[in-house]
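Only one chain is given next, in structure tokens, and it is the form predicted on its own.
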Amino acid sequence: MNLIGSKTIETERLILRSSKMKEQKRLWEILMIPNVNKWYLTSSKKYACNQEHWTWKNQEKFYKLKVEQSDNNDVFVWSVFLKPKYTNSGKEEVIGQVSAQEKGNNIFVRDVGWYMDPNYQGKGYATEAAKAMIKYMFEKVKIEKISSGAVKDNIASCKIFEKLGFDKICEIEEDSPYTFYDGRLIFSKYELTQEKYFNNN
């Protein structure tokens, strides 16, 4: 396995870069949009009713810590930028984030995730960013497997997993441990092995 960190990745429409502080407030603003944090499960229940916890004043320290660690060789988190010709403003804009976190104690197995600005959803950007990240993780970092999932009702994310060749392993109903959900949830679990990735590509 090559612990090479989050090197810049460029696709037709996107640039994926390791986290820098200049875009973090915008990423926080995107995460605070209900239709984003509804699916991107971010924090434990104890913060559910604590509005002060979610202000930029309090969140900034967590984002600074993330940026301080962003160039570590074992960190795989990218800010996703849309190239100027595709933005509403005509300037490069950060539109989301993708990540490949450790899954348990096995650094060769990763849990992937992403979120995007709703203003740019429905255009295939999340799929494009996820595909580029997965290619990087298998071909450059040389992980063995991605084991991940999404809430079953998050149809868009489930479609991305299926579009990128993941196998749906099972569905699990469990209590939500996260801030923006109450009650029980059904999670769709997905898996993509190194062998299947290279066979498909």
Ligand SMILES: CC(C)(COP(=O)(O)OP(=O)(O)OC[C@H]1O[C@@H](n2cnc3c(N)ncnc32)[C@H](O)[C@@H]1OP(=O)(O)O)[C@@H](O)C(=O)NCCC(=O)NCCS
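Counting begins at 1, following the sequence as shown. Only a predicted model underlies this, so the values are computations on that prediction, with no experimental measurement involved.
This next part talks about the form predicted together with the named molecule, which is not shown.
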Taking 4.5 angstroms as the heavy atom distance cut-off, pick the stretch from 126 to 134, 101 to 109, 86 to 94, 70 to 78 that is near the named molecule in the predicted bound form. 126 to 134
Even though the partner isn't displayed, in the predicted bound form is M116 close enough to the named molecule, meaning a heavy atom within 4.5 Å? yes
My question is simply whether N154 lines the interface with the named molecule in the predicted bound form - judged by any non-hydrogen atom within 4.5 Å. yes
Heavy atom of Y47 within 4.5 Å of the named molecule in the predicted bound form: no
V36 versus the named molecule, in the predicted bound form: is there a non-hydrogen atom within 4.5 Å? yes
Site check Y40, G149 and K159: each within 4.5 Å of the named molecule in the predicted bound form by heavy atom: yes
Contact residue in the predicted bound form, from K168, K163, K142, K64 (heavy atom within 4.5 Å of the named molecule): K163
